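Here's a solo chain for you in C-alpha cells, the form predicted alone.
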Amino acid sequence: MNDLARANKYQEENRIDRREKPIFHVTPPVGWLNDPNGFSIFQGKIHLFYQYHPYRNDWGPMHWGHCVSEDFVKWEELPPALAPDMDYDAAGCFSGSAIETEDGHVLVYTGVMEKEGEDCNKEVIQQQCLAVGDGLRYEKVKGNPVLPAGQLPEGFSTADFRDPKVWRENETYYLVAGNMDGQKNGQVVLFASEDLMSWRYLSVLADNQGKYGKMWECPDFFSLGQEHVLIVSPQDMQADGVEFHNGNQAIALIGEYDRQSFRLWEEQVISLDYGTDFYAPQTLETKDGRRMMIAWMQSWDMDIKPAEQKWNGMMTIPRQLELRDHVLYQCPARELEAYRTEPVACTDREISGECQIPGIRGRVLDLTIELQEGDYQEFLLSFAANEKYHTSFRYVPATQTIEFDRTYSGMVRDVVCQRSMKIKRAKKTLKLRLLLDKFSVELFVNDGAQTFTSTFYTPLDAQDIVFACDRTVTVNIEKYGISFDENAIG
C-alpha cells in the first residue's frame, strides 16, 4: 500500500463524527488542518485542498486534504490528493495552488527536501512541483521539480521558497512564491511559463523593505477593480498601533502593477483581518467575476483547542472581495443566505443595562446588529455565554474601537485573549454582522469594511447571547439560524 492509499484508509477508518464539529466551516475529516491550498474551480465545481496531517491532531508530514462544493457552503470530503512519497517532497507537500487546464486539474505545490549539509546540519531545500488529476485522483509529473530552487537569483533563500500561486493571462502562466532575501526579509518572486513545466524568473514583485515581518508566506496576486492586490502572510510581525499585531498575520498590499518591470507599487498596506485567528488566505475568481477568499482560521501561535479534541483546524467562510473607494470589503459568500432559518427581527429596540432577547440564542447563527447614535459610553455583546463562560465584543464610541475578549471562553492556554480594532471610517450608525459556528466568530463591520475572526472552544451548552449598554442605545437586530443536512459535508 502506497503512502496516499494509507492516508486515505486511515481517514476512512478514523473519520470524526460531524456532530462534533462546526456546521458550515471546513474542518479535516480527522487530524490536523492548516493553510488552504488549490482553491479553484474545475469542471464547474469548487475545489479546496489544504495542508493536512491525518495521523495526529498536530502539525506533521504535510499531505494535501481535499474537499469539493457546489456553492461555497456545503463541502464534501474527498480522499487526500497528495502524500510526501517522492525524494523531492519526502519532507512534505507544502502549500500551493491549482488551475484548470486542457490536460486536467493541475496542482502546483512546494516539495520539501532535507539533506545533510555542512557540520552535519540539516539542509532544507524547497522547490515547486506539479500533479495533474481529474478532480478526484492526482498523479505527480515525471519532470518534478518543475521549478527548482536553483533558478532563484543568487542570495535568495532556497530553504524558504514556497507556496506557489499560479494563474494564466492570455497564453502565459505566471507564478508567485514566497521567499526571503539575503537580509532575511520577506519578498515575493515572480516567474512565467508557457507550459507550466519550464519557468523563467521575472522579478521581485514586492518586498517588505524591513517593515512587515520576516518570511512572507502564501502570496496571492490578482486584479480587483482598477487596482492590483498582493496578499501575503508575514511571520514575526511587530505590532504597529492596532493595525498590525505581533506574530503571524495576513496583510494586503494594494496599488498599481507595472507590467514592464513586473513590480507592484503599493499605495496602501492593510491588515486583512484584525482577529486572533486568520492566516494564509487564498483566492479564486468565479465565472461570474467574483473574487472569493478563504483562510485558515488559526495561526501558528494560537493552538488553543481542548486536549481531548480529535481534530484541529478549520477554515473561514469563503468571502467575496470588492474594492470600493479604495476600501477593501469582505462579505460572506452570498450562497450562505440560502441556508438561513428561524428569522427573528427587532426594530428600534432600546437596550439599557443587560438583557437577553427571546429567540436570539445559540451557537450557529447569522446575527446583524445596527447601533444608532446615542449618549452611551459602551455597548457589550456577549455570546457562547452562561453563568460560567462568555466571549464578547465591546464597542466604545468615544474612541471608535471594538474590543474582543475571550478570557472567559473556557480556554486553559496562555495565549492572546484580548485584541482591539480601530474603526477606520466611522458612520452615524455601526453595523455588526456576526457569523457564529459552534467554536468560532467572524465579525463583519459596516458591511465588511473591516473583519475580525477568532476561535473559542467553549462547551456547547453555553448558548446565551447577552446585550448590554451602560446607558441607552437604540438598535435594529436581524437573526437567522443556519441549517442543512450535515451529511452533505462529510
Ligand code: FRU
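The model shown is predicted, which means the values in this text are computed figures rather than measured ones. Residue numbers here begin at 1 and follow the sequence given.
The following text describes the form predicted in complex with this ligand, which does not appear among the structures shown.
Engineer: For the three residues Y339, D366 and D437, which mark the spot I'm curious about, does each lie within 4.5 Å of this ligand in the model of the complex through at least one heavy atom?
Structural biologist: So, no: the whole triplet misses this ligand.
Engineer: Check whether F404 has any heavy atom within 4.5 Å of a heavy atom of this ligand in the model of the complex, and answer yes or no.
Structural biologist: No, F404 sits far enough from this ligand in the model of the complex that none of its heavy atoms falls within 4.5 Å.
Engineer: So in the model of the complex, does any heavy atom of H105 sit within 4.5 Å of this ligand?
Structural biologist: Flag for H105 set to no.
Engineer: If we define contact as a non-hydrogen atom of the residue within 4.5 angstroms of the partner, is R162 a contact of this ligand in the model of the complex?
Structural biologist: Heavy-atom contact with this ligand at 4.5 Å: present for R162.
Engineer: Although this ligand is absent from this view, report whether S95 comes within 4.5 Å of it in the model of the complex, heavy atoms only.
Structural biologist: S95: contacts this ligand in the model of the complex.
Engineer: Given that this ligand is left out here, which of D273, D89, D220, E217 has a heavy atom within 4.5 Å of it in the model of the complex?
Structural biologist: For this set of options, the contacting one is E217.
Engineer: If the cut-off is 4.5 angstroms on heavy atoms, which of these, Y279, F72, Y395, F383, is the one near this ligand in the model of the complex?
Structural biologist: That would be Y279.
Engineer: Quick one: find which of 54-62, 424-432, 461-469, 445-453 has residues within 4.5 Å of this ligand in the model of the complex by heavy atom distance.
Structural biologist: Careful reading of the contacts points to 54-62.
Engineer: If we check this ligand in the model of the complex, which of the residues in 12-42 reach within 4.5 angstroms of it by a non-hydrogen atom?
Structural biologist: Residues within 4.5 Å: N34, D35.
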